[in-house]
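To begin, one chain is listed below as structure tokens, in the form predicted on its own.
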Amino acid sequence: MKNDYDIIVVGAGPAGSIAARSAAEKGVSVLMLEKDRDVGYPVRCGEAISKAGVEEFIQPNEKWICAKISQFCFVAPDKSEVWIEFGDAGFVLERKIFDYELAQTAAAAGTEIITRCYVYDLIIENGKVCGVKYESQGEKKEVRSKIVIAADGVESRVGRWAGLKTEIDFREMESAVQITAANIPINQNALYFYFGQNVAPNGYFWIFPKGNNSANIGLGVSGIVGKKKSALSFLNDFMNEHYPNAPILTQIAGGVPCSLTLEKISAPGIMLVGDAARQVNPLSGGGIASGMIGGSIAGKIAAEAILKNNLDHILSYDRAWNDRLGKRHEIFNRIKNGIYNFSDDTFNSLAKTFIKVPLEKRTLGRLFTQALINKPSLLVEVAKVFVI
């Protein structure tokens, strides 16, 4: 390892790996540091992603695709099911393998990667980030760079050390828990979403197939709800009712930011991507594809800044992200606020109404339009993001 690089990426998740690859492909020197022993582990994700979200960055590969998704099923509080056909819509991934593959593409582009490398501080000179301080194999060291890209997750200590405001209102932080369970007899080509006060108030409950009758089963609830009843309690209640004898293979818990992107995601010498920048879709909580998009934009702009010898160029990242997805996420956030506070009666009524729509005419846009029929201002927002 050298003492100096053009760009250092902290964190080797999808956002970090794509940022590193996008920069390295332009010929600049890139170092990516990962605190855990293995890239892609532990997994803290529902693992669902659209097909388009994958294909923008990597060719789909059966070895990291657990299920191919062609249907959505929305389950109302009264157990009414609304099915929507999507064709070849998306995948449920095996993130351990997927993340590893993304890191390999970054390495193939020229990125140097070191795991078990714990970044504990930044090098800051004259108000500009100039590198990182890290611990590896029991030794504390420093490595310098012209730009640091923080892809260190929702807690983003790196962004905070750089003086960026990374805190989030607990009301916009979903308390989430998920298990992977076996012997779950569901349609292996469908994503299931449950709504209602008894399963996931102010949020939703999901079952995502993982192949061989296994599934990721979990939920996210708002911070306000989580203070009264934990997400784990909701999960246990659901499993006791529906799958009391299912073997539990894994269990994870944590916070999911369902908020808007941070007000600032760049500053002199520093850029934030993925969860660190709050680039998660605030409506669904999904962040794999949007994190990779953020990483791609940041990596390319960082490399351009190096090649142009104009490091202030990285400050254009905020605008570039906003133009690509930031504005869209603002719309999703308004739609979320219009839907997540629905009563059980409202969800039940919506399901009964939508079931009457012929299957071939059902779309996600039409569903949201029906849900928000009494909120005219939000119907315009729906029209902006869905083909109805």
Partner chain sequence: MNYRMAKTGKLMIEILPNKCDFCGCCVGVCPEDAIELKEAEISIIDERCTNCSKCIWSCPIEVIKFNKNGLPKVVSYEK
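Numbering follows the first chain given and starts at 1. None of the values given here were measured: they were computed from a predicted structure.
Below, we refer to the form predicted together with the partner chain, which is not included among the displayed structures.
Exercise for the section: Using heavy atoms only and a 4.5 Å cut-off, decide whether all three of D36, Y118 and S230 touch the partner chain in the predicted bound form. Expected result: All of them do, each having a heavy atom within 4.5 Å of the partner.
Handout entry: the partner chain in the predicted bound form: contacting segment from 183-191, 153-161, 86-94, 67-75, heavy atom within 4.5 Å
Key = Contact criterion met by 153-161 only.
Problem - The single option of L311, A253, A107, I124 touching the partner chain in the predicted bound form, heavy atom within 4.5 Å - result: Partner contact (heavy atom, 4.5 Å) among the options: A253.
Exercise for the section: Name the residue from S296, S175, S145, T261 that puts a heavy atom within 4.5 Å of the partner chain in the predicted bound form. Expected result: When the partner chain is considered in the predicted bound form, the option within 4.5 Å is S175.
Practice task
Tell me, yes or no, whether G226 is in contact with the partner chain in the predicted bound form, where a contact means a heavy atom of each within 4.5 Å.
Solution key: Residue-level check for G226: yes, a contact with the partner chain.
Problem - 4.5 angstroms heavy atom contact with the partner chain in the predicted bound form for E112 - result: No - in the predicted bound form, heavy atoms of E112 and the partner chain never come within 4.5 Å of each other.
Practice task
Report whether the minimum heavy atom distance between A246 and the partner chain in the predicted bound form is within 4.5 Å.
Solution key: Contact check for A246: no, nothing within 4.5 Å of the partner chain in the predicted bound form.
Handout entry: Contact of K210 with the partner chain in the predicted bound form (heavy atom, 4.5 Å)
Key = Output for K210 is no: heavy atoms all beyond 4.5 Å of the partner chain.
Practice task
Note that the partner chain is not shown here; using its position in the predicted bound form, name the residues of 181-218 with a heavy atom within 4.5 Å of it, in sequence order.
Solution key: Residues within 4.5 Å: none.
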